[in-house]
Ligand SMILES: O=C(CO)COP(=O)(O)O
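Here's a solo chain for you in structure tokens, the form predicted on its own.
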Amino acid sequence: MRLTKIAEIPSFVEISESARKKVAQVMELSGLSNTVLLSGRKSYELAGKKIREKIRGSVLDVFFVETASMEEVRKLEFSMAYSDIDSVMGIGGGKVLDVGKVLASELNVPFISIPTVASHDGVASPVASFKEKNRPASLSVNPPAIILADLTILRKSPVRYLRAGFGDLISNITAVRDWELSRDKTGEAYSEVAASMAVMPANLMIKSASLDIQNLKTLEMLVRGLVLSGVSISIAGSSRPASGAEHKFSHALDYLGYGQGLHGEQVGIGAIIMEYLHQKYYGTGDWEAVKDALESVQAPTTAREIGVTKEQVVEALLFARQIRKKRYTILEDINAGRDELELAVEKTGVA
């Protein structure tokens, strides 16, 4: 059994209505004075421009991220060659933060994460998600050193992204079930601390799911849960506490080019199906509670809502076993055929 490695986790996290105002103070306390600011064009207008004004003397340059890819990282590295950089700051959504994490890791400097949407746990995780040749790819990176999650900014983001963040967070429930299953069936190393950190806020969100996810109290709970989820990955040394069969399903949809769902929407639907399978085969879980929670925040619970047919859902479930074959999940354990998977999709009302 492999022991959990010493984890690198954020040194400073602030989740509040005024987190953006702490940028200069936190940089000074961290001894950072030469940062490169990455942002999206909309995010820059929404928040980046004002934040830059607060730390104008410490910003060497501003770059707008166009795509989440290694090509984009290399282009940025070339643009800032020989600059005396001591940090990278990302102000934006997943694309900006993922490129920022990779760039900071390559330059071996701290990354400052300032999310403008809360659509997944990438705000804090040591993982970057890229698409290379239209195929999804996950890269291991250093986690953010500083996270400033400003609820005033996040509250203004499109509500669809907040609902996707809710889906990503509660999918930790089935991810941890799969991790426990692998521990029991294959002897895989397991961290109770990481598992609890991932699943406790997910269960809390299910019990207190609100129709108004933009309510500050609910939003704060969601963001705190996503941050804890990201940190749990650092503690575990892998994405295990936050990625199981429901993520394989989502990756399969991306790989096959099915639908137009956001990552959090896809894993939320995947979590309904996987919770049903865990409940059916092992008597653990409550798939209806997962579905009800998603419905309560008006997140997608059916294939049609993300532009996917029943046949495509089943194809993705079958194909999911070809993704990350070493990651043992409920899909590998029951080795269900097409008929069984079609039944699961029908029983849960996904399609």
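Position 1 is the first residue in the sequence shown; the rest follow in order. Since we're looking at a predicted model, the values are computed, not measured.
The protein also exists as the form predicted together with this ligand; that form is not presented, and the subsequent description refers to it.
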Tell me, please, which stretch of 215 to 223, 198 to 206, 274 to 282, 233 to 241 lies within 4.5 angstroms of this ligand in the predicted bound form when heavy atoms are compared? 233 to 241
Is residue 177 close enough to this ligand in the predicted bound form to count, meaning some heavy atom within 4.5 Å? no
Contact with this ligand in the predicted bound form for residue 163, defined as at least one heavy atom pair within 4.5 Å: yes or no? no
Residue 109 within 4.5 Å of this ligand in the predicted bound form, heavy atoms: no
Using a 4.5 angstroms cut-off on non-hydrogen atoms, would residue 265 count as touching this ligand in the predicted bound form? no
Partner contacts in the predicted bound form for 247 to 265 (non-hydrogen atom within 4.5 angstroms of this ligand): 247, 251, 263
